[in-house]
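Just one chain follows, in the form predicted on its own, and it is written as structure tokens.
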């Protein structure tokens, strides 16, 4: 039989162990909460990146074993004039979408930041393009841009230099402009909402002081409002670059990269190379090149943001 002293000693030991477990749980809790995200990133992002990088060093054919190719795919890539054309199209498309989407987003945010009747309804209506799925959006715009009965032709024919209905998705220049416009229309509500939230954090005292000093609304915008929301604009520029770079659905469903490759970005090129021509190893090399381009753009913007933060500090 255990004595009373032994029982008390065992109880004290149990309490000490329980206290240690309780002190250990707060230390482990952040890692336990982050574990699902880390697992998701590892399985669905890091592993595909590794697999794509690995595949770019092999020669793969359907029904045949892999063969080590070394840098042959990259040598082919550097000598491929079509690749450089696609990269140029991708960069121009990215810059155009950034300028259009963030420009329209900034303008609409400035309008919606003002007090007017029906502002709440206007804000709700503005978010509709962002909420539409890609496939219905494409179907609607295919009807709007139809060269025979598209409704946009009614407005285009009002211009004095247009005598016939434009072939919006068949002419290389018009197709590129149309794809950029549709992409910007689809994404600008997100940028507008974020900019609107940033505008509401601008101190009203600074705007009042600028008004008292005799600054016009335009001068107050460039001297007070724009510097205050510039970090938000820079972050949105990075996001817009990433979103436009990886955009596939709208381009593929609208033009398939045509006509004559006018709207073929690197993402569309990777898909065509892998799943139309079944050249998986070269598609992997294209994917690595696209990844490096996106990473370079992001690092440049982040370096600019860090420099601005250091100057502000």
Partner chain sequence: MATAPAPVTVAGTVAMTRRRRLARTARRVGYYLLVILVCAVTFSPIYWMIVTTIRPVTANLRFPPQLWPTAIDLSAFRALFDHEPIEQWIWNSTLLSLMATLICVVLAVLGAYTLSSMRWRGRGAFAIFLLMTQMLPEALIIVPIFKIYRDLGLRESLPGLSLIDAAFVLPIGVWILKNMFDTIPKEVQEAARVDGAGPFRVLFQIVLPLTLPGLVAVGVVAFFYTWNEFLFAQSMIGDDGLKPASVGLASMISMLDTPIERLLAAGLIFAIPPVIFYVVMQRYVIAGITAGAVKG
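Take the two forms, superpose them, and find the largest set of C-alpha atoms that agree within 1.5 Å; that set is the rigid core. All of these numbers come straight from a predicted model, not from anything done at the bench. Positions refer to the first chain, counted from 1.
Beyond the structure shown, there is the form predicted in complex with the partner chain, which is absent from this document and is the topic of what follows.
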item: The partner chain contact at residue 88 in the predicted bound form, heavy atom, 4.5 Å; value: no
item: In the predicted bound form, residue 55 touching the partner chain (heavy atom, 4.5 Å); value: yes
item: Residue contact check: residue 255 to the partner chain in the predicted bound form, 4.5 Å heavy atom; value: no
item: The partner chain contact at residue 81 in the predicted bound form, heavy atom, 4.5 Å; value: no
item: Candidate spot 67, 99 and 173, all three touching the partner chain in the predicted bound form (heavy atom, 4.5 Å); value: no
item: Partner-facing stretch of 110-118, 90-98, 67-75, 206-214, counted where any non-hydrogen atom is within 4.5 angstroms of the partner chain in the predicted bound form; value: 110-118
item: 193, 169, 180, 224 - the one with a heavy atom within 4.5 Å of the partner chain in the predicted bound form; value: 193
item: Residues in 151-174 close to the partner chain in the predicted bound form, defined by a heavy atom within 4.5 Å, in order; value: 151, 153, 154, 155, 157, 165
item: Residue 40: Cα shift of 2 Å or greater between the shown form and the other one (core-aligned); value: yes
item: Post core alignment: residue 297 C-alpha displaced by 2 Å or more between the shown form and the other one; value: yes
